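One protein chain, two forms: both are listed below as structure tokens, the first as structure 1 and the second as structure 2.
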Structure 1
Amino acid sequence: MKILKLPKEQLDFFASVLQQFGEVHAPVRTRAGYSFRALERWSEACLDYDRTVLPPKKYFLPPRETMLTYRRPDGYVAGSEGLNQKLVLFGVHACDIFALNLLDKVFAEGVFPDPYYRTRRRNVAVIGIDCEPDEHCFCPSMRADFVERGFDLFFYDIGDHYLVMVGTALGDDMVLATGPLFTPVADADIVEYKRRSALKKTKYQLEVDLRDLPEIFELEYGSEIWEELGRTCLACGNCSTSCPTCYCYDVQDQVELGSTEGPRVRTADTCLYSQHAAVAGGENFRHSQASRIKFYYYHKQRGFVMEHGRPGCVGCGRCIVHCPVGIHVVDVINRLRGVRDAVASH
């Protein structure tokens, strides 16, 4: 991989150059928390943020998206707004990039690739940035604290410079477009990178053990924990809406009164809502909140492993931060495992 460095004071110049590659979006501080937004000026960007409320999946699986429109006599015409808009996401954390790589497994690969997702993925550049873990992060446990791919550029803070990994040809074009701003890394930069990386590793406060976790889930299918969680959970869906790897959606046809024409719209959905598995005849395959929250955990920690070889969780901590009743994923996993005091600080 091509690795270069950029003096920190040149970052705003680099950002201005980025505009030729698409509309630049970056985390911005809002009243509700950090949010990826289009920047009006570079100074709005907040690169030392902890986590955005919504993960960058909103750019690839918009919470609401028209898929097709039915019109006579053409039938169902495919199309969606903003599909071909070029964007540059600046400042995406490793865990969130890792989550996009997981979404690729579902939406970009396999037998039926999703053309909407793929097109957006092609049109949105991703520039990653290193982060400072807080008390809700456990990405190393989920092996998602580093990404080898899924970014065009990745920035690591090494003091007065950023060390920059160039992941794609597009990333290389971005580097080249700035002229000689980026320079080769020196031995001292590598030493500093490694020192910071080792230091970061010591800062995580949460841990789960992935080894045989799917088996533990099988063994604990009947655990009392699920009933207890079912009694506590409000089915608000926050944990899933904010999760960078949750992808369930619902589909509705929207028609004007007295007409059969109109758009087919998909909207983000979650398995924590009571109707998610309801079918004809009033039957519901997950009739209790306990069965639904159990499924939510099973799909991530058991089903996704079966299907894709690793958990569908990157340890970003959003579900922990946003749960109004304090349901804590690390706590749930560790209790299932029988490790009670593993959560040091909450």
Structure 2
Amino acid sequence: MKILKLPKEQLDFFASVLQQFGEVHAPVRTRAGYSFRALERWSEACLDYDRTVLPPKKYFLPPRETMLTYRRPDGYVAGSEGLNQKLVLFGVHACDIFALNLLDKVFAEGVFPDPYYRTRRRNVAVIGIDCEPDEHCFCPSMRADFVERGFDLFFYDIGDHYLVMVGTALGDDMVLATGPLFTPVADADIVEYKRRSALKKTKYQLEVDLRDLPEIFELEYGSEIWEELGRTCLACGNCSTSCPTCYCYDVQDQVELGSTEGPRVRTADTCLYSQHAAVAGGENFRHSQASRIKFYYYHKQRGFVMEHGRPGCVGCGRCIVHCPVGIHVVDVINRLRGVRDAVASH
């Protein structure tokens, strides 16, 4: 991995160079919070944001997409809207890049890779940037506060410059396209990077113990906590919609009565919805809200570990921020461990 530095005063020029690699999207302040959007001008970008409302996942797994259009007896035509568009996501946090690496395991590296996801992953460049944690972040506990792959470039603030890690050949091409703009790091830059890295570790206010967590979940399968959460949860899906690793979806053929043609549409879904586990004949394998929210936690903190070796959570804090009834993932996990009032001060 190549490591260089870039003067902050040259960042806008670098962003203009990036346009030859694709349409540049970055976090923009909106009335609802921060959102990744196409930039009309570089001054719109807010690189010091805490978190976006929706994670960058939306570029790779759109909330709604047409997978194909079918017509009898001709067959079908695969959907292609937006698949070949070249994009550059500038300012993605480490936890969100880590989440994309987890989604890669599901949609790009499995036995049956998803061609839509894989195509978008190839056509979207990712430029990461370091962040300042707030009271909702616990990514170090989930081992997601630092990433070694999944990005083309990654920026670290070291004062008047950014220390820039080059992660791919595409990232190297971006650097080369700017001429002499990027320069080698000096000893003082390394010292400053280490100082800021150590300081950042002291700013996290939340912590989760991952040790033997799958076993704890197995032992607490019948805990009264799940009934309590079931009475509290509104099944709104905010936690799942804003989660950078939730990937449940539903597929439906949308055809009018008497017609033999129409689109096959994939839409985002969540195990918290009452119909998620419903099957033909009227059976619902998770008929109560308590069983659904339990499944939500078990899949992330136990099932994902059993299948992929780590939890399906990156500690971004979005589910904490967006839950309208105050369900707090860290509090739930700590209570299952027998640690009560663990986040009362937050």
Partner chain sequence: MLSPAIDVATGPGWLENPYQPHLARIVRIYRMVPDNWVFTLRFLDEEIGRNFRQQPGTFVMLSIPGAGEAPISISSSPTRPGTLELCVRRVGRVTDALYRLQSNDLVGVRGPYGNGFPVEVMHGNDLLLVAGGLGMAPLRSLLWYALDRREHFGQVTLMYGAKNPASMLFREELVSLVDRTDINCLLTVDSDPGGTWKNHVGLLPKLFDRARIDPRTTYAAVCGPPIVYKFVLERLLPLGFSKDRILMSLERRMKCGVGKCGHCSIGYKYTCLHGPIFTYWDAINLPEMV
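We call the rigid core the largest set of C-alpha positions that still match within 1.5 Å between the two forms. Because the structure is predicted, anything quoted here is derived from the model rather than measured. For residue numbers, the reference is structure 1: its sequence is counted from 1.
- Note on provenance: structure 2 matches the form predicted alone.
- Comparing the forms between the two structures, the C-alpha position of Arg231 differs by less than 2 angstroms, with the core used for superposition.
- In the core-superposed comparison between the two structures, Arg72 has its Cα shifted by at least 2 Å.
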